[in-house]
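We begin with a single chain expressed as structure tokens, specifically the form predicted alone.
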Amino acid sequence: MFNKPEHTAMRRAIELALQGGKKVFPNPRVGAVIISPQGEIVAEGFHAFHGGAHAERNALSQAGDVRGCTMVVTLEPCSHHGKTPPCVEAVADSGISRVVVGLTDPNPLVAGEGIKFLRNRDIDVEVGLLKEEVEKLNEIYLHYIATGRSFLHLKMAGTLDGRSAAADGSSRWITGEESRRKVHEFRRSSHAVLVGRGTAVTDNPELTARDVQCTEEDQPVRIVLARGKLPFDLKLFNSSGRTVVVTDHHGDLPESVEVWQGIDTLTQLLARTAREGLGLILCEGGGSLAASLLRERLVDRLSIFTAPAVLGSSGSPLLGNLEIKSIGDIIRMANITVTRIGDDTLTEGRIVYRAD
């Protein structure tokens, strides 16, 4: 069904697609590679940012005569007019004779129509090459299309006995320097960082990506979910970058702060962030906010840093009440990775709720 050069080209297309990073949202990450009848790569391209040319057109713009060639593309070429013209028209007009697709686009505006268009133009189309890898590549986009919400990545840090702070509220630093640097990498790759009022006031974080290479435009938006007043001297109010406070106390904030009102639930918040072009939200909130997100089944990925230390029962629990009454309702993780980060351990995976 798929030959060796096509496998090689699809792996290269995935590498190319990753270069689009978070700038492509709400579009998918897409890479395209054109190979000759002899299996040699003759052109390649990727979607670099939302509103920019799509991968297929970028690849075609590099190529000369592609008649009889094969295009290998991670996602089904679009068949509708958006910010750019339909890619299927450019592909069909180019003389490409075969298209290998990693994954059908579930967007209702496409949903197989691109493949149908190409086949109606007598182009051979095969679908499903490295499908699982392409799904992983576009988990944020696929989640958005399925739910209309941003993808929520919950980060937590605690001791071996599941404590996040000492009895006096102090928590800096439970984990080591290497773990903190990893969190800055998380921030850099996220569209926004979310915390609750308690974390904003008690920890007074900047919520910026530091100790890693990060341009000003790649800094995450800082979002504070606050039901009460916030001090004016918070670090996140006094550093550059976009800061959003979700509250109904509009008059109690600095003028530089963007206020979102009328949001009553966490589901509404994640729908609003998606509409704002913020596809990946990193939550660094405390145990109460984390528990609320888990109870409402809004956590899509969980990362827990565990330090080789204990605080005992006087310490603050890592998580608030999940209202789990039976072991049958336990929240588990799947697709687990466990990594040593300095002296700490990082456990990551997707959340599996009982209904799954």
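Remember, predicted model here, so these are calculated numbers, not experimental data. Don't overthink the numbering: it's just position in the shown sequence, from 1.
Only in words, not in the display: the form predicted in complex with a small molecule, which the text now covers.
Just one of G169, P108, G148, P231 comes within 4.5 Å of the small molecule in the predicted complex, counting any heavy atom, and that one is G169. Between the small molecule and the residues V101, L152, L278, A226, the one pair within 4.5 Å by heavy atoms in the predicted complex involves A226. Interface residue remark: T202 is counted as part of the site for the small molecule in the predicted complex, having a heavy atom within 4.5 Å. Although the partner is absent from this view, G286 contacts the small molecule in the predicted complex, with a non-hydrogen atom inside 4.5 angstroms. With a 4.5 Å cutoff on heavy atoms, G198 counts as touching the small molecule in the predicted complex. Although the partner is absent here, V127 is not a contact residue: none of its heavy atoms lies within 4.5 angstroms of the small molecule in the predicted complex.
The partner is not drawn, yet in the predicted complex one stretch among 68-76, 133-141, 233-241, 202-210 has residues with heavy atoms inside 4.5 Å of the small molecule: 202-210.
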